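Here's a solo chain for you in structure tokens, the form predicted alone.
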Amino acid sequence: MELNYNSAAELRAFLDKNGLGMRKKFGQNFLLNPAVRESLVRALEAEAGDAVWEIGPGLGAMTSLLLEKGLAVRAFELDAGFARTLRELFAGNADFTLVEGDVLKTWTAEPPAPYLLGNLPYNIAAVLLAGFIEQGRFFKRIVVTVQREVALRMAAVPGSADYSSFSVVCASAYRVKLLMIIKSASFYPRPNVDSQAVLLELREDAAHKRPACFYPLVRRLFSSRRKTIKNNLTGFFSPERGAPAAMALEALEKSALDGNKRAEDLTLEDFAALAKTIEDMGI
């Protein structure tokens, strides 16, 4: 079986012939542009023999490229019909492993790999990437295609409108670089918005153990963006451990942070310092 991944008409005919449908809730879109597909694989900088996870292989356009380059591919596919097609396309290829089911539920049981490539649906992109980071599953390089607004959040810096808890989570483990914008016309079916490729390169200190409160603290401080960090931090502490307002003031003073600032004004180092202070306070 061979597929022409560059033709929307031929892909549509294949889907119709095999009784396969495109489910919007899965965020399924095929990347038709071969030059873009090549660029994404090249950005991964993986070499023959390297292991790579592929999230959302669909009908295997990127998978085939990865295998041609001698990579060992572990593909995570939710759609049962697509999974059946992938088995047929790559049957007998020892470098191909299929993990069928929801990647949010299956990835923890799979062996780690140094590289990850994926076209991530909007509804799982942040949850999946944050889950990898918070649970210590790190990749040397990640190249993902996401909706442009998600990409901007991933790469946002303090003080910008797109800066969020997700920005801090990404920065805590990776150097984030925006790659090409991929216009909606490059996909079938054509999505309503443009996408963007993002490169995440592992920081040298990524494996450094952060305080257990670090990620919950980051989320809490961004929970009410209009509130100051003093007010949000007060709500972070349990009254059972003491007076929350007093504990918040103490933590801020020891961290040399201005409690009247808001979360979007804090750097990664600020969050790290505050989390370390809270840990040292034994709260």
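As the structure is a prediction and not an experimental result, all values here were calculated from the model. Numbers follow the displayed sequence, beginning with 1.
The discussion below concerns the form predicted together with a small molecule, not included here.
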item: Listed residue that, although the small molecule is not shown, lies within 4.5 Å of it in the predicted complex (heavy atoms), from Leu120, Leu199, Ala151, Ala72; value: Leu120
item: Partner-contacting position among Met62, Leu233, Ala251, Val218 - heavy atom within 4.5 Å of the small molecule in the predicted complex; value: Met62
item: Any non-hydrogen atom of Phe30 within 4.5 angstroms of the small molecule in the predicted complex; value: yes
item: Proximity of Asp102 to the small molecule in the predicted complex, heavy atoms at 4.5 Å; value: yes
item: Contact label in the predicted complex: Tyr115 to the small molecule, heavy atom within 4.5 Å; value: no
item: is_contact(Ile124, the small molecule) in the predicted complex, heavy atom dist at most 4.5 Å; value: yes
item: Candidate stretches 176-184, 72-80, 151-159, 132-140 - the one whose heavy atoms come within 4.5 Å of the small molecule in the predicted complex; value: 72-80
